[in-house]
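To begin, one chain is listed below as structure tokens, in the form predicted alone.
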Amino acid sequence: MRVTNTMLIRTMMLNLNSNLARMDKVQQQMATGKKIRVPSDDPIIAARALKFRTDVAEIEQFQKNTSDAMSWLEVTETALANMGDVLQRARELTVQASNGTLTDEDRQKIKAELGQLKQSIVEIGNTTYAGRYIFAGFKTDTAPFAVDGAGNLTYQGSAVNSAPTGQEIFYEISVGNRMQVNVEGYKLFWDGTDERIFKTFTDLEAAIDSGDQAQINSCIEKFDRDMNQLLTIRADVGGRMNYIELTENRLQDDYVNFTSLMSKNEDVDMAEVIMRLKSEENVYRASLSAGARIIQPTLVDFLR
């Protein structure tokens, strides 16, 4: 086959462009730190990258959910602890009031403090987390407890004087795993037939006014009952917090594993890329040098 100058020049240009394209690809990898720029560069890596990115995004969302759920339960646990302190103080006052040697003035002082404690129970019952009432069931935008001018309690959250309808609020903390974060108010303040804690306070205040010692003594047992119920709920909340903490640790491990896999799939070995770039640069320079030798002679050079 006869080789012409045109063929030499075309071949030279083809090789130059090919070498330049390879150098551009390596330069892109070095600049971005990624093995591929578009899916067509390597469809297998692109498919794996999409899967890993989806998994990591899912784990990040679960981490946000567990953090929010833990915060909600921490606020709930603090409220329950405060309520326990109030009930404990109310029980101590009830024991004092049961002493038959107290004067009427002493009993009225005890009643006044009980009134303050009762108001504290209402305030704790209206505890909020991020603007949401934690004991209100689904009605998180409505204060669940209020006291009218006559001292009567009204409840606006999940049903108190009827069977509970199930107003649990769940957070999804891992794949297919939902955790209840709220405590429904009726479990604290309703015993199935009457308002639990508030009625104990009301009965005690009435007994102090009437001097009914038997009724005062019965309120001690009622406060013990209320505190036991409170401890049961606190234990349940503590168990949920422990479970979420374990889930948080597992999600952190999963996040590290999946981000490591994602990095191995997508990221380049920078030392290797630098060596390849130098190699491609040398090849490109050599092709330029060879090309210059081919196209440099002209008709004028021949006529000389």
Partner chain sequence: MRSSFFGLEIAARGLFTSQRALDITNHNINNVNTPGYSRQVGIQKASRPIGLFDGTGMIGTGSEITAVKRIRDDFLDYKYWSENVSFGEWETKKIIMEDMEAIFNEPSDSGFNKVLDEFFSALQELSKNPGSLQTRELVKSKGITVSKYFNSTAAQLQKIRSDNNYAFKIKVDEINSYAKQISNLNEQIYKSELDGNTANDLRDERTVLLDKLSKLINIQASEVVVGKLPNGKEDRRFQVTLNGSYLVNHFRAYELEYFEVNDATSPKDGMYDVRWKDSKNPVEPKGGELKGYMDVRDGRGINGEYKGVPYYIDRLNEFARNFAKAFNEGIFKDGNQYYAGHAGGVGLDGSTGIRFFSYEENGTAKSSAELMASGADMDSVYKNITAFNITLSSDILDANNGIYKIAAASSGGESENNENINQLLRLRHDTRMFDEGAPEDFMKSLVSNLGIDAQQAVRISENQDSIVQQIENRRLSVSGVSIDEEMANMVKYQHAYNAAAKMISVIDQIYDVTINRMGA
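The structure presented is a predicted model; accordingly, all values stated were derived computationally and were not measured. Numbering follows the first chain given and starts at 1.
Just so it is clear, the following notes concern the form predicted together with the partner chain, a form of the same protein that is not shown.
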key: Touches the partner chain in the predicted complex: Leu246 (any heavy atom, 4.5 Å)   = no
message = Does any part of Leu93 reach within 4.5 Å of the partner chain in the predicted complex? Heavy atoms only, please.
response = no
ask   = Though only this chain appears here, would Gly137 touch the partner chain in the predicted complex if you measure heavy atom gaps against 4.5 Å?
value = yes
inquiry  = Using a 4.5 angstroms cut-off on non-hydrogen atoms, would Phe189 count as touching the partner chain in the predicted complex?
reply    = no
key: Selected contact from Met275, Ala57, Met30, Val256, since only one has a non-hydrogen atom within 4.5 angstroms of the partner chain in the predicted complex   = Ala57
key: Option touching the partner chain, based on a heavy atom within 4.5 Å in the predicted complex, out of Trp72, Phe223, Phe198, Phe145   = Trp72
ask   = So which stretch, 96 to 104, 169 to 177, 201 to 209, 78 to 86, is the one near the partner chain in the predicted complex (non-hydrogen atoms, 4.5 Å)?
value = 169 to 177
request  = Residue by residue through 47 to 80, tell me which have a non-hydrogen atom within 4.5 angstroms of the partner chain in the predicted complex.
outcome  = Ala47, Ala49, Leu50, Lys51, Arg53, Thr54, Ala57, Glu58, Gln61, Phe62, Lys64, Asn65, Asp68, Trp72
